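Below sits a lone chain in structure tokens, taken as the form predicted alone.
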């Protein structure tokens, strides 16, 4: 679970105070303390530390200042506050595309990116380095005696038939706060009307809404939740309590997110950012068939059920003010039933 810092904390970076909400921060100090690479990311420190440590093994002189924030706060830090981060890493592909499309990312022709499939790079600015599916995380204890749902329709049926059992024990993203949650919701809605039927059913059960996948997983582990919907399998697979739950990639369709990085136009150290970007991409060794840092569940999934979100300007559709407003209102009416 993320080690949260009070969200209103004001951190000083490069001598400039900022107002975006920080969830966590760690400085990986180099031998000399300089140069400093400043990264803002949606990925938990524990999730991304192996990549940082691998890079530091090749560049022990570099200090890496790693800040964790939600995807909407990453967007605010770069787009609104123009903070001088050298790399922005996010699970919200649409917000990353918007940053690049609106002139907030540097173009970079990476030798490592030459081996990337076309779907993993957009306009030499946004680079995917993982594929991570979203699915169900189901409590083994609270589902004892019940069949594990394998798709959304089976989940709908289970929840409808057992409202007392699951009231207050269903969790999902609060898409008003989570950029990744909003991305998953819009992509699910585009893929099938089943999403809205499921959302309405969850809305009758007093669902719990979350900012972060790690919090949902923690609540499944401790018995607060029986099921968490649209959780990234990559986080669930890293839990030390994985024996407490079952990860299901729904057989009707499994939405696959690409985690991406870009070099903000505000970077004060773009050369070092380029070095890290090249290193990260070189670790993935992706091809069209063998994917980039796949999760175990993704490797085992039936490929025909996987729906990879396309990296490109099509993601901007649901960021349109009126379309987003309408989607949010429809979601609130479904999920926040009195």
Partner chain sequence: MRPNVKGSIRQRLLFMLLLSTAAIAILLYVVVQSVAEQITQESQDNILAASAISILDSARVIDGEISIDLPYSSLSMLDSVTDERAFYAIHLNDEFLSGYADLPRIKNLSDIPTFQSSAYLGEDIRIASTRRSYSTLEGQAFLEVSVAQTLTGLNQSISRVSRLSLAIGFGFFLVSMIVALLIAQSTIRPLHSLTEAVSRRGPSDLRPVTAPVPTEMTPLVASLNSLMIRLQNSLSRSEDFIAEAAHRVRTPMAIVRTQAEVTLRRVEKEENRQTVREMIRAIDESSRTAGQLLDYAMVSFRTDDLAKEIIQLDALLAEIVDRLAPLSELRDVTITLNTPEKLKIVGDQILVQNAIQNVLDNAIKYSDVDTEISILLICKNDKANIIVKDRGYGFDNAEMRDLLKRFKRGQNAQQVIGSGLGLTIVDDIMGAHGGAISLSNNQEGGACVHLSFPL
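Numbering follows the first chain given and starts at 1. All values reported here derive from a predicted model rather than from experimental measurement.
Heads up, the form predicted in complex with the partner chain isn't pictured, but that's what we're talking about next.
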Exercise. Closest heavy atom of residue 230 to the partner chain in the model of the complex, within 4.5 Å or not?
Worked result: no
Problem set entry | residue 116: touches the partner chain in the model of the complex, heavy atom cutoff 4.5 angstroms | no
Problem set entry | residue 83, heavy atom within 4.5 angstroms of the partner chain in the model of the complex | no
For this session: Flag residue 167 as yes or no: does it have a non-hydrogen atom within 4.5 angstroms of any non-hydrogen atom of the partner chain in the model of the complex?
Result: no
Problem set entry | One stretch from 198-206, 135-143, 98-106, 262-270 that, in the model of the complex, holds residues within 4.5 Å of the partner chain by heavy atom | 98-106
For this session: Could you tell me which one of 248, 125, 175, 218 places a heavy atom within 4.5 Å of the partner chain in the model of the complex?
Result: 125
Exercise. Since exactly one of 36, 52, 43, 311 fits, which has a heavy atom within 4.5 Å of the partner chain in the model of the complex?
Worked result: 311
For this session: Quick one: name the residues from 153-185 with any non-hydrogen atom within 4.5 angstroms of the partner chain in the model of the complex.
Result: none
